[in-house]
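Presented as C-alpha cells, the chain that follows is alone, the form predicted on its own.
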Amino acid sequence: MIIVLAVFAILILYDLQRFIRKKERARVFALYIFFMAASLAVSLLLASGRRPSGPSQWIEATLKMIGVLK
C-alpha cells in the first residue's frame, strides 16, 4: 500500500510541475485531481484486497437511500 502511495505522489509531483510551467486552466486541475483521486481510491482498495463495488451497486444503493427501491 505504501508503494501505491509513493507512486501516486511521484506522479502528482511530476504532473504538477508540468501544469505549473504550462499555466493550465483551473478546469484542467479539477479534472486531474478528480481522476487521480478516483484512481488512488481504486488502487488502495485493490492493494488492501477488497474489490471496489461496481457502478450498478452504487446506483442501487442510491435508489435505496432515496426510497425508490426497498
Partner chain sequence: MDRSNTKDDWSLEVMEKARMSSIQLFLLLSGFLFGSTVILAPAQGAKNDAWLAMLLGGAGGTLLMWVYAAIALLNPSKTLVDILKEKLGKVAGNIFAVLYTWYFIHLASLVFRNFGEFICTVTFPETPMVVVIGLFAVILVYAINSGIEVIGRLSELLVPVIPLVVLIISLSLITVHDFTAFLPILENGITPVLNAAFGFISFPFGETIAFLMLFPHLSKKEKLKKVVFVSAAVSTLLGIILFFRDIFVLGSDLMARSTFIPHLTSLLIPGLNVEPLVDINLLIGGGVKISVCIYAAARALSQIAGIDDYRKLTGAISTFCVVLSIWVYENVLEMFNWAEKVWLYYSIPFQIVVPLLLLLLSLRKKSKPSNARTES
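By rigid core we mean the largest C-alpha set that fits within 1.5 Å across both forms. Keep in mind the model is a prediction, meaning the values are calculated, not measured. Residue numbers count along the first chain shown, from 1.
One more form of this protein exists, namely the form predicted together with the partner chain; it is left out here, but the text below deals with it.
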Give a yes/no on whether Arg51 approaches the partner chain to within 4.5 Å in the predicted complex, heavy atoms considered.
-> yes
How about Ile59: is it within 4.5 Å of the partner chain in the predicted complex, going by heavy atoms?
-> yes
Any non-hydrogen atom of Arg21 within 4.5 angstroms of the partner chain in the predicted complex = no
Leu11 within 4.5 Å of the partner chain in the predicted complex, heavy atoms = yes
Sequence order please: the residues of 14-50 with a heavy atom within 4.5 Å of the partner chain in the predicted complex.
-> Phe19, Glu24, Arg25, Arg27, Val28, Leu31, Tyr32, Phe35, Met36, Ala38, Ser39, Val42, Ser43, Leu46
So, does Tyr14 move by 2 Å or more at the CA between the shown form and the other one, with the core held fixed?
-> no
On a core-based superposition, does Ala47 travel 2 Å or more at its Cα between the shown form and the other one?
-> no
